[in-house]
Each structure stands twice: as C-alpha cells, then as structure tokens.
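So this first bit is one chain, no partners, the form predicted alone, shown in structure tokens.
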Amino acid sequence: MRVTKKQALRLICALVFLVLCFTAAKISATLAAGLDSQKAAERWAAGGEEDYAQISVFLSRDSGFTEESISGISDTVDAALVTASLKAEEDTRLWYSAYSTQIGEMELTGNRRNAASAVVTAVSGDFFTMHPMRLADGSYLKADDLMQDRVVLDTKLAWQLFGSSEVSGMEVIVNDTPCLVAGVVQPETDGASQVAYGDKPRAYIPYALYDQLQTAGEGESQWISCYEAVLPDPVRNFAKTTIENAISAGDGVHIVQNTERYSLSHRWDTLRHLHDLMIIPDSTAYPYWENAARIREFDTAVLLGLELLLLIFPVIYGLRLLWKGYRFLERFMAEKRKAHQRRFRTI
C-alpha cells in the first residue's frame, strides 16, 4: 500500500507527540521524587512488608494546638494501632512523629561578635528523621538530648557568623541566650526548595529552648504550627483517619497525606482544582518544605495536563489507523469469501 506524504506527516507528528508526552511524564516523575521531605514513609518502611504513610498537619494559631496536645495524640494513635492488631517488635518503634513552629526572625551572634538575622524554627521529636537535610558538620538535634541548648545552623548562617561551615561545638548567642552549635546542614538544592527556602539563613532550635525564650509571652503555651507522623497504613486512609481522629480536625487544621500527593489520581484531582493551591485558608502558615511540595504539586499537575493534551492527536490517529485496519481486514475477508465461492461454482 502506497503511503502519501500527508499520511507520513501525520505519522511523524503522532510519534513526536508521543515522545514529548513520555518526556513530560519522565520530568514529572523526577520532580516528584526530588523532595526528601515527602519520602519519610518510604525511608521508614525500608523495603519491609508493612505499608506506611506520612501525614502532615498544618495548624493556624487559632487552632490552640500546643505541646500539651502531643501526648493525647500519641495515646490515640497507640490505641488505634492496638485495635488494628499492629504491634512493634521488641526494641523497635512502629511509628514516629515530629512537630515544629517557625518562630520568625531572630538575631544570632557568633565569634568575633559577628551577628546575623535568621529565620528560626523550633523543632522536637524526630524532626531530622522526617527532614534529613545533608549534614555539612556535626550532628542533628535529638528529642532525648540531655542538654536543650544546642542549635543547628544552615551553611549560610554558619558562614555569616563564623566564616566557616565546620563550627560544631562553637558558641552562638540566640536572643541573648548562649547556645552551642550541634551541627550545620546544607539547604536542599532542588529548584522548588530553593524558591520556598528563600534568601534568609535559617537556624533550628529545640522546643525546650523556644519555651525559655518566651517568644509568645510569659506563661503562655507555645503554639505548634506543624505536626508530622509516619505510621502504618494497612488499609487505604487508615493513617490519615487515625491522625484526624487524634487531632479532631476542624477550623484552622489542614491535613495532608504526603505519601499519595504525587500519585496519578491526586495529580488529576489537583489539575481539576488547581486554583485551590493558590489559596491559603485561615491563618495557616506553611513551612518552607510544604511550600516546596505545593510548588511540585502545581508543576506535576500542569505536566499531567500537558501529557493529556499531547496524547490527544496520537490517540485519535491510532484509533483512525485501527478503524482503517479493521475496514481493510473486512474487505480482504469479503474478497476471500467471494473468491472461495467463485472457485466452487467453477467446479
């Protein structure tokens, strides 16, 4: 069968669109896989048989969520796991959690009285297990540290205060309070995190030190703006429902299941409600890692829309070819039948 120039051009266009579609899908998968802050459940499972989910809760100041709320959440989660017949092996943990609050900018002073203004985040629990930023020096903060006067600096702040990134053990003054540098972390290098991180240097302090600084006023409980947990998810949405029940989600409380946020179904839902990503409800203040994840949500949803558009022509062209093939086969079989009938009439 002779192929015309028009048919050849259509075939080439269909193949080009398919290549572009697969390229967009590959880029989308790369973007989704680039955020360590969204892969805590995957790291915790570590190839085991149990399914885990990572759940993040973002809270406005009006939610009234404080450190006193944490023990109640732990009791509720433990009870739910027992009810589901989930039990940790000896000397292991079945789940873990972390919480944090971005306090705002504070003045920090290093050696030679070098001072810098930095965005300070109070953290507790397994924060650096949830957010394993690359260590440039020293160690992370841990919930069971005996001394709660250690801080973690990012490399920007370490260079501004000390002229080096190898400064673990050095003294730093945080709001007139002497502290020791536990370690120095390297900010994430992916595009979304760099945009969300901003140009300001950052420091991470223990929640106990946050209490000492009394930034919210004397005698007032310190507000928690972000609670995160990784727990078993034996059936779909078990982990998310457990956290919702533990926190009593309401106004000023926004819960995200990080584990599924880049799945095909979620990307399609995000594409259909893309404007929702532009709205920050209530007085919720998202930390930079959540803003980076939302940027990736937007990017992957738009890429899904591009993939669908690029598929339209190849799909229509493919269906047209199938229809032509079917008609050709139908004509071929009809001619065969006629030839067969003529053969027997001749005999």
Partner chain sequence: MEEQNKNAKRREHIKTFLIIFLALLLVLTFFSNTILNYSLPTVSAQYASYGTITERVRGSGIVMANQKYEVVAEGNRTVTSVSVKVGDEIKAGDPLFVLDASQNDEAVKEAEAAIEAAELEYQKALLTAVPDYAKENQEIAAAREDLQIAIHRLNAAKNTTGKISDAAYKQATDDAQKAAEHITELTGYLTLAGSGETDGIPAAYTGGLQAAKAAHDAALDALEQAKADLEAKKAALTVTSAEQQATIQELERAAETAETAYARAKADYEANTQDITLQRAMEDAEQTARYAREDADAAAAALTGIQAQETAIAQAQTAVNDAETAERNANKALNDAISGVTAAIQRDMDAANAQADAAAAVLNAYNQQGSSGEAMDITALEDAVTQQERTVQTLLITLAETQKADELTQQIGDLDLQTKQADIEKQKAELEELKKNSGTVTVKSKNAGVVSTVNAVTGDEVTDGMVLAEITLTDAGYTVQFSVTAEQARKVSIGSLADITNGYYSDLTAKLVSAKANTEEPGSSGKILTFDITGSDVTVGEMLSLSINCSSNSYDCVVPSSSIMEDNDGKFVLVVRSRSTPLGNRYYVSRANITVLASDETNSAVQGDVTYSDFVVTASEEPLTPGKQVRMED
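These numbers were taken from a predicted model, which means no experiment stands behind them. Positions refer to the first chain, counted from 1.
Note that the form predicted together with the partner chain isn't included here; everything after this is about it.
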Contact flag, residue 277 vs the partner chain in the predicted complex, heavy atom cut 4.5 Å: no
Contact label in the predicted complex: residue 84 to the partner chain, heavy atom within 4.5 Å: no
4.5 Å heavy atom contact, residue 147 to the partner chain in the predicted complex: yes
Residue 266: touches the partner chain in the predicted complex, heavy atom cutoff 4.5 angstroms: no
Sole residue of 65, 58, 52, 288 within 4.5 Å of the partner chain in the predicted complex, by heavy atom: 52
Position in contact with the partner chain when the complex is considered in the predicted complex, options 45, 321, 295, 306, heavy atoms within 4.5 Å: 45
Which of 152-160, 67-75, 102-110, 85-93 sits within 4.5 Å of the partner chain in the predicted complex, heavy atom basis: 85-93
Joint contact, 36, 142 and 178 to the partner chain in the predicted complex, by non-hydrogen atom at 4.5 Å: yes
